[in-house]
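The form predicted on its own is given below as one chain in structure tokens.
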Amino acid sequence: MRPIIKLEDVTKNYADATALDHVSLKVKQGEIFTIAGPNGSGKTTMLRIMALIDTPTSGEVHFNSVKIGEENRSQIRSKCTMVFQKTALFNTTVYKNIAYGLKLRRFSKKEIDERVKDVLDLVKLNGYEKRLAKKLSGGEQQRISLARALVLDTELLLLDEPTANLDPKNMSIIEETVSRVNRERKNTVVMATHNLFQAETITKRAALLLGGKIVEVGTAQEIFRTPSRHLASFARLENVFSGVSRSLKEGTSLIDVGDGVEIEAALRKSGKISVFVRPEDIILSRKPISSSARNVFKGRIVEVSDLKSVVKLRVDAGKQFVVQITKRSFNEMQLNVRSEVFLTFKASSVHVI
């Protein structure tokens, strides 16, 4: 299948830094493609160049085999739309926010009404037309931003960290919506994320971007399930444990990572192994919770990092775990340094590196 967007030897320099360094990449028409990498790796810059918002310092961009230049940039740009990580909505109703782009394109009132209703159904916010967009929760606002992009039904949809700092409910709705529009409408989707689990579950192909360079391209399984030094350098930021694994009869493995801590993983492997658990995959609670999760640890908070809408906690449970929760949850549970907590995560949340 032909590529819908192609970058050829693209470099993007700013005054004091190189955001992209000789990047070449092809995204096939009709696929969901993920650009994974840590914060500051160049993901947003790459999306902005694909969306034809920014121009590269050097290199070429092709859309449907047509080379992008100043003479055709504006025309082709209308075939792409981008949802930014930071939601920026107009201070008006949900309906007017979503209808804005359609009005600019001179759609009829009847077609605008139909399209707005359809996309609100998609993002599970039907009936919200008259509500003030800025009065909604952060997760609902992000769903409105997605709806505003989807209503245009462009060939290429670009998503910059679409579920960053969202609660599980809103995250699930957005992931389900992205998968559905790709499956039913055949929209091509390029998503930038640092969430490896998300990248692995809703995409077939992906690229790993580190320091402005693409270091790996392949299927999601090849990149995120196969140990590599590139993935290790990305994933070793938090919750990486090494130990000795032994297989259990149930089809899982128990990994002794030392200091009396054993982690159960949904894999069958014996011998030395290194694994990681994403901070957002760990449920933190004041009391033990009833669930099917195989890993439950009791510990104490030893460090609190306030990151505005979310809080990162370092918890000593024999080994130190980093956990990410919303600011609201942190306040509601009245947490602080030395608070006693329980950590819970599934065996399927344990990933090999």
Partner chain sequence: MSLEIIEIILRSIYVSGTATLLSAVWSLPLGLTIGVKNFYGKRFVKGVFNAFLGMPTVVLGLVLFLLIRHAGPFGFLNLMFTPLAIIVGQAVLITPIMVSFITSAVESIDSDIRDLAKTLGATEIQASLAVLKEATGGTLLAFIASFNRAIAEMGIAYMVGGSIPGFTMVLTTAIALQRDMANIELGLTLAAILLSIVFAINLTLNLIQKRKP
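What you see is a predicted model, and the numbers here were worked out from it, not measured in a lab. Positions refer to the first chain, counted from 1.
There is another form of this protein, the form predicted in complex with the partner chain, and it is not shown here; the text below is about that form.
- Contact annotation for the candidate site: 289, 330 and 343 all lie away from the partner chain in the model of the complex (no heavy atom within 4.5 Å).
- Scanning 108, 242, 91, 219 against the partner chain in the model of the complex with a 4.5 Å heavy atom cut-off leaves one residue, 91.
- Checking 279, 211, 101, 138 against the partner chain in the model of the complex, a heavy atom within 4.5 Å turns up for just one residue: 101.
- Comparing 248 to 256, 187 to 195, 144 to 152, 109 to 117 against the partner chain in the model of the complex, the single stretch with non-hydrogen atoms within 4.5 angstroms of it is 144 to 152.
- Contact annotation: residue 78 falls within 4.5 Å of the partner chain in the model of the complex, judged by heavy atom distances.
- With a 4.5 Å cutoff on heavy atoms, residue 84 counts as touching the partner chain in the model of the complex.
- A residue is said to contact a partner when one of its heavy atoms sits within 4.5 Å of a partner heavy atom; residue 294 fails this definition for the partner chain in the model of the complex, lying far away.
- Put simply, residue 26 is far from the partner chain in the model of the complex: not one heavy atom of it is within 4.5 Å.
- Contacts between stretch 320 to 353 and the partner chain, counted in the model of the complex as any heavy atom lying within 4.5 Å, involve no residue at all.
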